[in-house]
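In structure tokens, one chain follows: the form predicted on its own.
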């Protein structure tokens, strides 16, 4: 199969060029002007940008959590991602305490293999670091292409690991060329505040945010940065939300420490007034860390401009309102997470590029190139270049439309951005040389996605 894309503007993290793109099989074959190759399909991309397929480095498909499971599985979630320009996700395989990393990987392959519509990879979540799991780190990197290992500093009793385990994991992971990623919140402080407010009868959704204050995130951010610095280990902090945490990273960088920072599109655009939405509507936005204040949005946008925040992901973990209502009488029982994967790229283009003047190169970097580079998928993924996978989004920068859960493809009955007017739309999505989405119509289905085995983490030069 071959495709010739004519008259588009190719955007990478380094340059913007008016060019045609010829795709042969699954790869980009030629990039140039006035190409005249004979192709099975020719697409006129006049007036459109050609972006590398989006890489969402933080998703949770079919995740058992808080007595239920996220409503999108690998089929529905990755299909929604393709509609929104995301061609590859990195999901999380969760080790159960007392079990092995290999069993966790097996379970997540069962969830994804033969079901995912888009391409996928896995981070490994380590919840029980012991001698047995220590011995599994090397094979995870070498045999399975899993070079990133997630830790939680919150959710005590289920996911949280102590500092001793963090130190041991840092040393073991770097030994084999991996990187540790961390959910940075002080779990003990959060549990104390939750117990205090529940005892007082403060049970509505807004108390989810009140009991997870910025200090819980900033303290954990500073602590994990110090632990990484002690051993000169690379570190990736997921879903950063607030000014205090960003400032902890700034301080760490003064000692020439390399920390990769991720935020999510919802933290850039929403503020904590959403928790006041009536009729239990605030539950839609219950996620951890919670939505912060407007001032925190501005700090995160500035962090992107300055290169401190390198990745914009989603933490896509949707639950329908019936699932959220498990916490109608107690905020601490509301399943944490929301639906975002289909909205990320269009929202970031509209709010970042159109309204804030974000460069096209920066847009591509934070949505695709940086996660590919950090997590061992470059140059196969994350760029439009000869020899790279032909993952390309043909994007109409002038198309105006409104976001609604009724027209989205995520398996959930609401949208956190319901009614938002956006400028820019994913017109077509090409995955590995196959036209996957064409003007809202899916042309591929269950099982088209492939597992991506990733390379080791490459420590960038300072």
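Everything numeric here is computed off the predicted structure, so don't read it as measured data. Positions refer to the first chain, counted from 1.
A second form of this protein, the form predicted in complex with a small molecule, is not displayed here; the remarks below concern that form.
For the options 111, 239, 194, 362, the one in contact with the small molecule in the predicted complex, meaning a heavy atom within 4.5 Å, is 239. A single residue from the set 414, 49, 65, 420 has any heavy atom within 4.5 angstroms of the small molecule in the predicted complex; that residue is 65.
Per the 4.5 Å heavy atom criterion, the small molecule in the predicted complex is contacted by stretch 285 to 293, the sole one of 103 to 111, 347 to 355, 83 to 91, 285 to 293.
Candidate site formed by 60, 183 and 336: every one of these residues places a non-hydrogen atom within 4.5 angstroms of the small molecule in the predicted complex.
When contacts are judged by a 4.5 Å heavy atom cut-off, residue 315 counts as touching the small molecule in the predicted complex. Contact between residue 258 and the small molecule in the predicted complex is not found at the 4.5 Å heavy atom cutoff.
Residue contact check for residue 223: none of its heavy atoms lie within 4.5 Å of the small molecule in the predicted complex. Under a 4.5 angstroms non-hydrogen atom cutoff, the small molecule in the predicted complex has residue 150 among its neighbouring residues.
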